[in-house]
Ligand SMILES: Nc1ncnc2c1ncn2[C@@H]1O[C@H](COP(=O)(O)OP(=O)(O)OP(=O)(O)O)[C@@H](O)[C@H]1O
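Next comes just one chain, in structure tokens: the form predicted on its own.
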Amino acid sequence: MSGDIIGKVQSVDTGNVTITVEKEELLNSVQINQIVTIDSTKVNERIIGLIAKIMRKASSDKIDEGDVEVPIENVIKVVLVGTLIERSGTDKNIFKRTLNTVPSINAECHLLQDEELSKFMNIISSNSPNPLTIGKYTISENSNANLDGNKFFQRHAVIVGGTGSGKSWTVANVLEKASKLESINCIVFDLHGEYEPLKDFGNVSLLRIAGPSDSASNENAVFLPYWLLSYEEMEALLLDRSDSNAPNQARTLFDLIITEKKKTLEAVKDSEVLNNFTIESPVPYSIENVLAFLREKDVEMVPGARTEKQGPLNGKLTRFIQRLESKRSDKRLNFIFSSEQELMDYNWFEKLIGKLLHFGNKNGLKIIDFSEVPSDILPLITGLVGRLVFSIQQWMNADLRHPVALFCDEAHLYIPEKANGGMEEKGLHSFERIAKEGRKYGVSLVVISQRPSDVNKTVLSQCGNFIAMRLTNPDDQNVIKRLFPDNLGDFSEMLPVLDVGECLIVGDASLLPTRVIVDEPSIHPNSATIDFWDEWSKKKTVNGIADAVKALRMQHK
């Protein structure tokens, strides 16, 4: 594999080389991000590079005045990205993202085009025996763009793009390919119900966070009872830290939860758990008993020296009780504070986890609709689901552990760059932990957002794969540019000029930083942009206002 000679190496600087081009017509035939090969000092090896810059400059620093001819030098700057080993033992054409050598001065540089280019792109695409085919290469539309599916999820991934860039289309494409696998295990955090059409893939379980009128017997409704919350999450939900009595309220709540969980374990006679449980153990307990004790202590009088006096907590729990009662009576939080007895069953938690972590060729792709969750507690609830999945994977025997991927759509809403304390902070902590430690326990994050500048940098920095679609906002562009490897130079400068459905792919799953046209999924999510002008041009006699008003009043679609 050689290609057409375009020039020779003029200078070498670690991962970058400068190529001089003698013939003018050759300079006109090259473009930014085309692939070149450079002769190596080793036999049967060629160095692969990407064209980063094309320049014409004067070869002399000094230009005399008058009609003096200035020598012109045609120069191409190339970023080195790997090595093609043409033969190693019985193996042929192996591409590696390492540089065994750097080019020598005057080494020949060749441009890959047409059949040679297709041949090379097929080499890097056939690296994985079980690839994730995401589309076609922009520079070689006859070659499939394949990713290493293992590395894509092992190293976490980011899918970003502005509104209308094809981001949801790309997510649907990845999910469609994954849904065809025998034992898929994915959970999609669907914030707007846009992935509901994907049910027609045939391997999908449509779930939603329970609404005000839902019953625990509804198989598609997900309840997350208060007793699943960690102590810190309960604090964030119920306590006002600005209250001068907050320390007393926190300590009382801690003791009550421990006491009530102990009562449950004694009632079910699970002595093994009883002897080892902590406040974080997911054990049902009665919030009614907690409230009754709080009310009693808030008005308690104790014997004094001469007469009764106020107890140590008298009047100090009033605001806490009011907040707890307010939360319990808020029908929007029915999925947390529902009083159904079924949710208090000791074995109910195992059923919930079975629903979330079910895998196989039936309902292995779980799409959870969070659209009816109040926005103020959304970070806490998404973080709770993430924490439960991570915790179960963490405590599971390694030989029984089955990997699961969390697709976090609209991630900027609950994995924010700056958490405002309380519930946002607790939810964010769960995702930060998954990003840092999830790989060890088979939990992968796929962060999806149209505003990467608003997504937490700690989480993004832990991701090793990036699918970046068109981004026009300078802040969003800069975030992705900083996450791209330094040696890619100006590769990210294409972000604002990408076409709809086109993306840049960089990371461990892709042997080569590439520009890809994403395959169209067989089923589109409900994210298509509405054509205002065309819709206004149509004659319409009906509207959905009455139904929308009713749904708004019921807080349920």
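Start at 1 and count along the sequence shown; that's the residue number. Because the structure is a prediction, the values reported are computed rather than measured.
Although not depicted, the form predicted in complex with the named molecule is the subject of the following passage.
In the model of the complex, the one of S88, T101, S104, T163 near the named molecule [non-hydrogen atom within 4.5 angstroms]: That would be T163.
Interface residue in the model of the complex among F484, Y285, F335, W169, criterion: non-hydrogen atom within 4.5 angstroms of the named molecule: Going through each option in turn, the one that passes is W169.
T83: touches the named molecule in the model of the complex, heavy atom cutoff 4.5 angstroms: Looking in the model of the complex, residue contacts with the named molecule do not include T83, since no heavy atom lies within 4.5 Å.
Heavy atom of Q31 within 4.5 Å of the named molecule in the model of the complex: Q31 lies outside the contact set for the named molecule.
Contact of E260 with the named molecule in the model of the complex (heavy atom, 4.5 Å): Judged by the heavy-atom cut-off of 4.5 Å, E260 is well away from the named molecule in the model of the complex.
Contact test in the model of the complex: E432 vs the named molecule, heavy atoms, 4.5 Å: No, E432 sits far enough from the named molecule in the model of the complex that none of its heavy atoms falls within 4.5 Å.
Stretch in contact, per heavy atom within 4.5 angstroms of the named molecule in the model of the complex, of 519-527, 505-513, 22-30, 43-51: In the other structure, the partner sits against 519-527.
Check all three, E410, Q450 and G501, heavy atom within 4.5 Å of the named molecule in the model of the complex: Heavy-atom distance to the named molecule in the model of the complex: all three under 4.5 Å.
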